[in-house]
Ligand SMILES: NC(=O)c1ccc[n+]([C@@H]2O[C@H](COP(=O)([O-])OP(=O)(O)OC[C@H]3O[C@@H](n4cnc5c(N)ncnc54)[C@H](O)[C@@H]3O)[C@@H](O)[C@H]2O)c1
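Next comes just one chain, in C-alpha cells: the form predicted alone.
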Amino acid sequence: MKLKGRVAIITGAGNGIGRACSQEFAKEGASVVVVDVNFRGAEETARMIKASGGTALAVEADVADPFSVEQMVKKTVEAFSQIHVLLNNAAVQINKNIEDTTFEEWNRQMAVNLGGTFLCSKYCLPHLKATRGNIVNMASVNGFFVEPIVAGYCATKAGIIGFTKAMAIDHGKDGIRVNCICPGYIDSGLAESYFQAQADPAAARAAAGQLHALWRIGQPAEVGRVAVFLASDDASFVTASQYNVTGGFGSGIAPLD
C-alpha cells in the first residue's frame, strides 16, 4: 500500500473528484479526513470508505473561513495525531461572463478556490513540516486553456498553478513537496454544471469528449490515482510540478459553441 500509515486531509470530498480521491487514498492505506462544506456529502464519502474497510473521518468546513479551517486541522490532529498529506480540492465555478458575474460571486469564487488553498496550506504547514509531508493542489486545464463563461474560475486555477510552484520553492528546504493536478473535463459536478449552462447540454457534453485526444471525458478515479502517486513516496523527487490529467485535451477537433 502506497499510503499506509499516512493521514490525508482532502477538501471538497463530498462528491466528484474529491470523493474519488478520498476512496483511492483509503484503498492505499491512508486514514482520510473527508472535508466538505456539505457535511452530508462528507459523511456519505466517509461511509463508503468505511464500508470498504478503510478509515475515514467526516469534517464539515468552509475552506474560505480561517476559523473553520483551524477547526478542521484541530479535529484531524485530535483524531489521528499527525498530518502527512493535504489535498486542496474544494472549488466553486461560476458559469458567467465578467459583466454578468456579481461582486459576491467573484469574491466567493476567489475565496474558496484560491483563498481556500492558501488557508488550508497555511494551517497544515506546521504539521506537514513535522512529518515532511506534501501538498497536492487541484488546478485545472483551465489554468492555461481558457473557455467561455468561466473567466473567474480560469483566474483561480491559473493562480493555483503559480501558488503551487511558489510554495514548493519556499518549503522545499523543510522537506515538503508541493504539486498540482490539472484535470481536463472530468465526469463530475463542476463539469456537469458547465454543460448545463450551455444552450444544448447534451451536445456540449458530447463535444467536450471530442476535445480530448482519447475522445472522451475522464473519470474522477483517474484523477484520484494520479493524486495517490503525487502523495506517495513514488513521487519523492517530484515537486513544483503540474500534472496534466487531460486525456490530451486541446488535441481534439470539436470546439464548444
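We number the residues from 1 along the sequence you see. All figures in this text were calculated on a predicted structure; none of them were measured in a lab.
Absent from the display: the form predicted in complex with this ligand. The rest refers to it.
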If contact means a heavy atom within 4.5 Å, which one of 82-90, 97-105, 126-134, 166-174 is the stretch that engages this ligand in the model of the complex?
82-90
Site test, V63, V112 and A139 vs this ligand in the model of the complex, non-hydrogen atom cutoff 4.5 Å:
yes
Give a yes/no on whether G189 approaches this ligand to within 4.5 Å in the model of the complex, heavy atoms considered.
yes
Contact flag, I17 vs this ligand in the model of the complex, heavy atom cut 4.5 Å
yes
With the partner left out here, check for me: in the model of the complex, does some heavy atom of V226 sit within 4.5 Å of this ligand?
no
Partner proximity in the model of the complex: G184 to this ligand, non-hydrogen atom cutoff 4.5 Å
yes
Of N38, Q219, Q210, S52, which residue is found within 4.5 angstroms of this ligand in the model of the complex when only non-hydrogen atoms are counted?
N38
